[in-house]
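First, one chain by itself in structure tokens, the form predicted alone.
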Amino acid sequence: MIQPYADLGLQREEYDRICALLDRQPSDAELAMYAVMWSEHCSYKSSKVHLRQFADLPRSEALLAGMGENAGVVEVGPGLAVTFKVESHNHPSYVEPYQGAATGVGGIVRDILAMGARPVAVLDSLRFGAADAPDTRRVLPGVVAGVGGYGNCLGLPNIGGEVVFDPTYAGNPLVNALCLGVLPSERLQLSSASGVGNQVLLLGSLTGRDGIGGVSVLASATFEESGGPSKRPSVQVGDPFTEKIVIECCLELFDRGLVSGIQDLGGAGLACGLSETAAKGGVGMRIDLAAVPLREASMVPLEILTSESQERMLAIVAPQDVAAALAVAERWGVLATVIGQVTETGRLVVDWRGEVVVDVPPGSLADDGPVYSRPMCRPADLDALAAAVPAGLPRPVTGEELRATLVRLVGSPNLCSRRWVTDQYDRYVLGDTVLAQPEDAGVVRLDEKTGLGVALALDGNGRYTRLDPYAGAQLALAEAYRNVAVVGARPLAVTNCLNVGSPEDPAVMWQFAEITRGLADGCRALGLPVTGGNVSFYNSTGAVPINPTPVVGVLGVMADVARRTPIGFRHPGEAVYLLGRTEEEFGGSEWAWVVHQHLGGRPPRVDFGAEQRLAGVCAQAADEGLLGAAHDLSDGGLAQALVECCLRYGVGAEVEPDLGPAADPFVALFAESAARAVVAVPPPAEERLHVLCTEQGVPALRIGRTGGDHLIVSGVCTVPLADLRAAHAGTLPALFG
């Protein structure tokens, strides 16, 4: 019998290894299980050697669960913990934009639920091709509707994220979703099966043919120039209303102590859930596949085992608790079925209508997949990119040229208002959202009595990372860290989603190695643990990979969310300060790209010491109530930050063009140096802010004051806020209706 291992995404050597492990040819069902479990998505076979750097980082005392679990868990207060994680659903969102994005949200929510937590908020990081490209107009509306539709139906606020346009993502959008959950520390759940004789329960939706092969084929497919993958397995179909009752059902099961282990069923479906829970617990399982409730009666074992039908959970329940667990499920209207039991054999055995179709060691599926040290080489064009510095590009000089540049950038696709997107999301449902888009970080209150809360930011910059993967990854980390700090939170932990091209391309693997090295070094410098994350390979159109795009999420803690700092100027007469140092840094900048379509030079310099000092000032100033507003500086530089501060509440500002070392108004306004923020300070608090900045060694330059209905750069240009708002708000509605 010739088995189609190649059609399932397996290499010949991998197939031979499976035969050696089993000492025989695998059955069709077994082969399908190995194909999905040994895929890049499930086994991390090309990334594992690099991701180990994150496991070697110093562990925080607050870290209750980290890499290797469904999501990271950190303690944020006495007896109270949060869990958060970001994952990708890139390729499904290109094939079926609405369902791909919707089920991406659903999947990450179930990861959070599997840790014993109530999901309380989501964020998303979205990247598309050029804003005016026809395919972007096809993909973006569906993706945004999918993110909003699923999250809104679950009643989860969408509190932050990104929307980025760049031709590199044409034909390969990035859809990265993050979920935050809250739990009592003692309710932490793990995904290991234990207790011989314990029953295996399948909770949730019927199992159908949607998503079969998703992780082994679609997640490993590059898209053709014509606009589709060569193989297009069906994308998962989501039902957020079923997910909502599954969430409530599982939370009651946790509270009543009725489960000893739980795992969500997403990528690789039952194949993953069964093998991982058994392998982690060091036990065997016997499964009656005919007991699995099916959407289509004609399904065969390999389809049932690898189906990625959504809204399903796998629970391990003691025999004496099965009746109670089934009663809970029935009360919530959740389909629940006993499909097997835990055994002492150390083997995963699956029966189908009187025939054994699977008999394998579960660890061979979950833990024994191939680990590759892929060939790497530095991209051949990197030196040429570095040499193509933007210093020689024509710059605006006159006041009128500077004004025109400012207005053009404010209305450009990557800097314009995201309200067309974010207004489709419910940002304040549940009543605990304290800050949400367009703020620098989303902030959620966890304890109404004390005001304890957390802040989350999700950031990345593919152009920076294309120029220097090591520095680009660190800049993504630095920006998310800074965004959390400027709202007044103290950064505590990190998650990430690493989106790159094919691991079979040595240049891509070099980029990936540099990204992971940069993140590990950056987290070490900041003293933050990486709690988990995701790797997304094969993000290419034809032979052309996307710009390597690490997306980094940082979580911070606030003792009292009432002392949060928003981005907007609210009161006239407050002093405007620039914190941090401005250098002439334009490599990978929005100005260079928007005005000249130029990508070259070096990205901004990273200084984690400066980031920590700035974060210390912002957090302490928030605690003391010194700031009226604070906004980090990143894409678009000071000019963009000032515009966003002014437009938030309709209060203008006047600033000086001669900003210390940046005597050139162009550099002062548009450079993208890191470790900077602009803050508004009531006059009585200025002296105390100076003391804090001096103590921390943070440069603090008074550049102007708030007030009026214009943004005035003294002696250079004056722009009415009405003109800025028109430019800022009109771009996305004009493009997408």
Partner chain sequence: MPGRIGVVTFPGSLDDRDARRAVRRAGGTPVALWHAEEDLHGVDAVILPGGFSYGDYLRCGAIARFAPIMRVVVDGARDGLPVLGICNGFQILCEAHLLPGALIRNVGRRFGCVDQPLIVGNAATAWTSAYTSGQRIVVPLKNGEGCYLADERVLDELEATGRVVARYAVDDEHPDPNGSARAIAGVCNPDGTVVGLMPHPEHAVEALTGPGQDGLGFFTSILGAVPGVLAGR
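Quick caveat: nothing in here was measured; it's all calculated off a predicted structure. Positions refer to the first chain, counted from 1.
A second form of this protein, the form predicted in complex with its partner chain, is not displayed here; the remarks below concern that form.
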Original post:
Does its partner chain get within 4.5 angstroms of any non-hydrogen atom of residue 4 in the model of the complex?
Top reply: no
Original post:
Going by a heavy atom distance of 4.5 Å, is residue 331 a contact of its partner chain in the model of the complex?
Top reply: yes
**OP:** Check whether residue 351 has any heavy atom within 4.5 Å of a heavy atom of its partner chain in the model of the complex, and answer yes or no.
**Re:** no
Subject >> Interface membership of residue 397, its partner chain in the model of the complex, 4.5 Å heavy atom rule >> reply: no
**OP:** Select from the listed residues 401, 288, 607, 239 the one whose heavy atoms reach within 4.5 Å of its partner chain in the model of the complex.
**Re:** 239
Original post:
What is the one choice in 407, 643, 154, 259 with a heavy atom within 4.5 Å of its partner chain in the model of the complex?
Top reply: 154
Original post:
Heavy atoms within 4.5 Å of its partner chain in the model of the complex: which stretch among 374-382, 607-615, 479-487, 433-441?
Top reply: 433-441
Original post:
Hey, which residues along 402-440 are within 4.5 angstroms of its partner chain in the model of the complex, non-hydrogen atoms only?
Top reply: 419, 420, 423, 424, 425, 426, 427, 428, 429, 430, 431, 432, 433, 434
